[in-house]
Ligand code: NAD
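The chain that follows stands alone, in the form predicted on its own, written as structure tokens.
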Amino acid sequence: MMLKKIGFIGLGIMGKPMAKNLIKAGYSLVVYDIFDAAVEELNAAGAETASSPKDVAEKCETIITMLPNGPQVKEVVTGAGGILEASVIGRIVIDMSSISPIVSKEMYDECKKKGIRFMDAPVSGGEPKAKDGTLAIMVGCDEDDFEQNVSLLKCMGSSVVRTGEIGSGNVTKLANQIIVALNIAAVSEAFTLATKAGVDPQCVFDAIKGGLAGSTVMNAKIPMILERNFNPGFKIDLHIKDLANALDTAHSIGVPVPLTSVIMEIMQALRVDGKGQNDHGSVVQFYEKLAQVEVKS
């Protein structure tokens, strides 16, 4: 059975596999991206193409956006040729981008003026989980909007949780990104120590992964590090963007975040060193450079 038509704007590393999973689930998609190659790939998979975000909104009752950051979300929603230029009262925009909760609330207010509903629903899991449809999705919205769209979101994620009203999804995502970044840093620091001390890092991994130190982050990143695989599932540059949003949000409400500041500077150092497009597991290379050792199998 063909389900309702869904608009999807933003076909990058995450958006493209997410859109493909919606097609696999039986949804009819209308897609838009500024890069033609991504649009052509989705068109080949069965999606209809649109000429602008406005065009997407005119063709679909539900519009998903998956964009790099707040400025791009603002442009797609409120800019020239944007969603709000269409006559689309009653539509709903589900923004799955990881942006500042302040921007989410601003977009909610702008959409509300035009009779359009807005949800923030950022994701966690990187490209591998985007591909296999097992993302964790954190949703900020009205309860009714959540109930109406949870089945759609479950086509892209194995965990879909409403965290509260608008903006709460992105607050949750910022908390997630702080924990992930600091976990990667802790793993990197520990395994650099073990390697420099002459202990096989694979043995260290095998010994501790089932104990209290074990984590999803360690299980995902240590095999990549040992293989020297830093192809991006989630780029350093994108994590810097998320940490910048976390720092801005924390400072705006009077929450000191000293450890977040430290990992931000580590990632900034890696960007300066030309590693901004690498996977965030490249944090280990910061420690390796200081200790003059390489963590590998």
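Owing to the predicted nature of the structure, the values given are computational and were not obtained by experimental measurement. Just count from 1 along the sequence shown to find any residue number.
A second form of this protein, the form predicted in complex with ligand NAD, is not displayed here; the remarks below concern that form.
Although the partner is absent here, E75 is a contact residue: one of its heavy atoms lies within 4.5 angstroms of ligand NAD in the predicted bound form. Though the partner is left out of this view, G46 does not reach within 4.5 Å of ligand NAD in the predicted bound form, counting heavy atoms only. Contact annotation for L259: none of its heavy atoms lies within 4.5 Å of ligand NAD in the predicted bound form. Remark: F230 does not count among the residues lining ligand NAD in the predicted bound form, judged by a heavy atom distance of 4.5 Å or less.
Interface residue among E189, E127, E106, D145 relative to ligand NAD in the predicted bound form, by the heavy atom within 4.5 Å criterion: E127. Only one of 262-270, 248-256, 22-30, 234-242 lies within 4.5 Å of ligand NAD in the predicted bound form by heavy atoms, and it is 234-242. Each of I9, I13 and S98 is positioned with at least one heavy atom within 4.5 Å of ligand NAD in the predicted bound form. Although ligand NAD is not shown here, in the predicted bound form the stretch 153-190 places heavy atoms of just one residue, K173, within 4.5 Å of it.
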